[in-house]
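In the structure tokens that follow, the same protein chain appears in two forms, which are kept apart as structure 1 and structure 2.
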Structure 1
């Protein structure tokens, strides 16, 4: 009788442990289902499409063809635009870091009005990204505010063509991505104990030395997180080059749009999108390997 009760007790404990082990998966089931249906399944469709082939009649031919990948990987046209996309993204990221760090430092060290400054920083997100990008046309256009001001001041005699070049594309991207950089750096700076700077000063370090040797190294994770976010978003952008760039300033996302929407070549567009995903995914993996994603999650949160 005692052995039977012990066996029942053991089975009851095992059932409780099994139920507790299942609870996290039950709680995660809705999120995992959404990720599977909205992310993994569409991605699998894109992978399959990339191996199909568009026939001369315009129909997609199912199968396992490497023609799209061969064209994407060997054609210098796609390679040059990919490198140009990475170059523009890198320049944009550096510009955001140089402009964003002082702003983030000022907000983090502000006393009393920190919340107001953060609200002001978030204000651009309340306006459509397309409207914000198109506003540069009214500023830099031939009849825009800047040209009108320069002519009124007598600095120039006729309007200057400032739009539709690589510089304006980078300017538009910096305008769009700068708040992301500032937020990530701010989160990192706000978590640094200001007593460390006071301790450095008590040991004879100047404010500049204390910043270089204490504050800056401790804030590098936030700077790196903001850099990753800005780089990935810049590399995948489509709107900014269309509105502010010229024919020679197309970025890789514009190639995907051209292939899928205008040429109706879904297999080629799928291969192009996967190539960009692989390049940016490799960058994210490198970042995660050396720095981890926790700082990036703090900045986004």
Structure 2
């Protein structure tokens, strides 16, 4: 019995290197398989489609045409909307970070039940996206709650037109994405030893200094993950601008949706979506580099 265990131990040590090398792939296998089968291969269809041509009537023309790509890359219309989309996403992300960080800090450091606080934050998601986006008309509309309250308080005489512009689109996006930001920051903050802040305080740093020099840097991975998530999701939304925007407000995903669904121009829609994918993919690569650096810094510290 003991003998056998010893032998197994020896075998274990012998194969330990091979195991080390194999293990991560075993861990990755299920996720990678799923992604390849359900994302990468289907995306190949989109790549192929982006080189086809839409015919005026009926089925698309297969082949290798660069027309769609030429249109997407040279037309100022697509470029303008792409930049506008990135701008709106960036504003949304910053707003989420400013609103979300203190809230996440509060949750992470509170003595109460953190899980309940987190679930509460996700609560708006249980009401369907469309319903809660449409409900802003009851809050910000000319006969909505805010205008009624302001009139009742005598601050304004006539209701203000607040809805249906770029600001309300951003507001809707922030409302949608804030929980993602908070959760990511929370997870990161929660893993930081509170003793570190106390130690900084005992060394004579003020609370604010302690936060700036200890807590904030340590929570950066969470802030970065949350920021990436907010940015990417904001850049991919199409329902919010439709419901909360004015006639002109549109994001890049609206163009993709319109090309594929409304105009039935799948080849052009494919090229447009690949462009968005490439731009966002570049961002993720940058993020990964950064996260890698953060890890490195941690290892050195």
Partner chain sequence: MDDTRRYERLRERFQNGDISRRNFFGLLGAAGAAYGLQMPFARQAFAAGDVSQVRFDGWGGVVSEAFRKYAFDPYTAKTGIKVVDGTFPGGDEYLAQVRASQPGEYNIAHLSGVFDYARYHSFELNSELNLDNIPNMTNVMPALMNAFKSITPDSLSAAPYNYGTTGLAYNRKHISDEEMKEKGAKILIDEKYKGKIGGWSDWRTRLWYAALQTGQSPNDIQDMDAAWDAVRKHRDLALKYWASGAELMSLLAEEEIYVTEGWSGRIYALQEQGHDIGYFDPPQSFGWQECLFVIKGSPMAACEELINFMLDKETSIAVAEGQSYPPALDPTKVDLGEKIPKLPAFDPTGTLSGLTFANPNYWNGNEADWSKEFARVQRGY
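Rigid core here is just the name for the largest C-alpha set that superposes within 1.5 Å across the two forms. No experiment lies behind these values; they were computed from the predicted model shown. Numbering follows the first chain given and starts at 1.
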*Form selected (criterion: the form predicted alone)*: 1
_Once you overlay the rigid core, does the Cα of residue 217 travel 2 Å or further between structure 1 and structure 2?_
no
*Would you say residue 48 moves between structure 1 and structure 2, meaning its CA shifts by 2 Å or more once the core is fitted?*
no
*Examine residue 201 after superposing the rigid core and state whether its CA is displaced by 2 Å or more between structure 1 and structure 2.*
no
*Core superposition result - C-alpha of residue 27, shift between structure 1 and structure 2, Å*: 9.0
